[in-house]
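One chain comes next, on its own, written as structure tokens: the form predicted alone.
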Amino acid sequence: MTEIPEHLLERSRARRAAMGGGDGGAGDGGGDASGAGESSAAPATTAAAAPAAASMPAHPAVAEEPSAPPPSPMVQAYNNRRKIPFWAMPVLAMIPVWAYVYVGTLEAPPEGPGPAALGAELYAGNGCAGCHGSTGGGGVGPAFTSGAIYETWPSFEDHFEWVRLGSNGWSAEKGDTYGANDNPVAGGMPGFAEESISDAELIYVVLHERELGGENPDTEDQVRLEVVAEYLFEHPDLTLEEAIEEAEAEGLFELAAEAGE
């Protein structure tokens, strides 16, 4: 038989003692072994109890949660505001569509004819086309085309005065020749009295006749004519002299010249 070492037997006895076994078992030294087991049982029990106590820490006290701060005035106002009724939401959503449809039904007011268009109408309706041709190519009266009108009348103001006075009035006030090339006044050019046609209407005719002549070689003269025609279109009760003075005082000639550069 194999002999069991003594230290193993001691360990076995101590184990049984710790588990409550009072029997020292068979063999010599049973009493001592039992005593030794009792003496060693106390430390073992204490050692076993210590970890158990250490492994179960006390639960901390539950901290009370702080109360939420009161809402700010802005949040209170938001919460207290009047809510949009649910039935109004579709109505609000359709407003852009209705606006689009409404705008689409509107039509821009028709623009009236400007100075150039009025000048063409007056040229045809006052006998000018019968003498000088519907396109200014001449007939009984001299032609305007190919720059001829600018050779005779470099200044639109002199041109205007010739049309206003006619042959007889020009001879009475200016002399026996007219224009920059001193053409003899032969008669036949009717005058247009202020009672029959205003300065505004007459400047439209002059504008149209000079347009029939082609491009004006004097850009400054052309700018001044267009500015005066537009000014008289807006202020038809003014005379030509008054329109020129007011347009010049407002700096319209300079502005138009700068815009054309």
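This structure is a prediction, so every number in the text was calculated from the model and none was measured. The numbering used is simple: start at 1 and walk along the sequence shown.
The protein also exists as the form predicted together with a small molecule; that form is not presented, and the subsequent description refers to it.
- When you look in the model of the complex, the only residue of M94, M74, V140, A172 with a non-hydrogen atom within 4.5 Å of the small molecule is V140.
- Put simply, S134 is far from the small molecule in the model of the complex: not one heavy atom of it is within 4.5 Å.
- Interface membership of L118, defined by any non-hydrogen atom within 4.5 Å of the small molecule in the model of the complex, is ruled out.
- When contacts are judged by a 4.5 Å heavy atom cut-off, F192 counts as touching the small molecule in the model of the complex.
- The closest non-hydrogen atom of A186 lies within 4.5 Å of the small molecule in the model of the complex.
- No member of the trio S198, R224 and P236 reaches the small molecule in the model of the complex with any non-hydrogen atom inside 4.5 Å.
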